[in-house]
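Shown here is one chain on its own, the form predicted on its own, set out as structure tokens.
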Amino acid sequence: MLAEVLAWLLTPATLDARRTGHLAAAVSLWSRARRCRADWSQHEARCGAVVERAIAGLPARRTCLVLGSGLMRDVSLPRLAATFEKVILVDIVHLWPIRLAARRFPNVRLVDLDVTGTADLLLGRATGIADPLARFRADPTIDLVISANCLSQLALTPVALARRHGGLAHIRFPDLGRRIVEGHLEALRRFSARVCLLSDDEGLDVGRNGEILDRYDLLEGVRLPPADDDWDWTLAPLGEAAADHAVVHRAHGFADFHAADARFRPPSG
């Protein structure tokens, strides 16, 4: 608990990230990752293997853009820094562990950004959802984009905030969660660079004897194409989130999301 309080106090997060609850959510995830490191190790290794496949065969390795970079547990920062001329880590909050890690690499830059484009809407400064990734799509040196296990997380805090406070966001966008998920996938489609997508899409509550107690969608009803690799990620082992069940997510890796998406969504006509 003390470590979480210190992380919340010492992280140089924006006022927006504190007001929307994103800082608190990031600290909570960091704390869980520390407790569940053994249960997450296989998931992180599988993610790393998908990223290696994405890197292989790139005609150029100038800039790598990581969206939802978090603590970079599922993507190797040293590997990216050694492979690309520049690495840009994008997240709404960068906690002190990743800030310290990034300082080791002069070609790594941190960008604090709400990739959902909803912060201004939720805080009453806008009437619509922004396109925060447009500036990166305009950068011709970006050769690889990695969406790092953030897709199922993007809508959680904005939807909770909109429901709690009501207002324009809740009234105008009753389907806010789905819009955020679809918006992120559409933003990835609009990159000309290779896109590597790491995401979970289904949650399972698994009982003590392996029985499935509950099954729930994590992507607001949005379907993903068939992936290059699929695996189960024990997000919360027995006793972590609940005394009677573990939480297991079905995870997927796309080394080339453009190719997978084209097979899933063939052009009309």
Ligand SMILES: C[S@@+](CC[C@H](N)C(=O)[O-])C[C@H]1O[C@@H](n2cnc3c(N)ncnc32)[C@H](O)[C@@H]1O
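Residue numbers run from 1 along the displayed sequence. The structure presented is a predicted model; accordingly, all values stated were derived computationally and were not measured.
Same protein, other form: the form predicted in complex with this ligand, not shown, and the subject of what follows.
Contact between residue 245 and this ligand in the model of the complex is not found at the 4.5 Å heavy atom cutoff.
Although the partner is absent here, residue 144 is not a contact residue: none of its heavy atoms lies within 4.5 angstroms of this ligand in the model of the complex. A residue is said to contact a partner when one of its heavy atoms sits within 4.5 Å of a partner heavy atom; residue 148 meets this definition for this ligand in the model of the complex. Among residues of the shown chain, residue 116 is one whose heavy atoms approach this ligand to within 4.5 Å in the model of the complex.
Stretch 62-70 is the answer when you ask which of 213-221, 236-244, 49-57, 62-70 has residues with heavy atoms within 4.5 Å of this ligand in the model of the complex.
Although the partner is absent from the chain shown here, 74, 91 and 154 each have a heavy atom within 4.5 Å of this ligand in the model of the complex.
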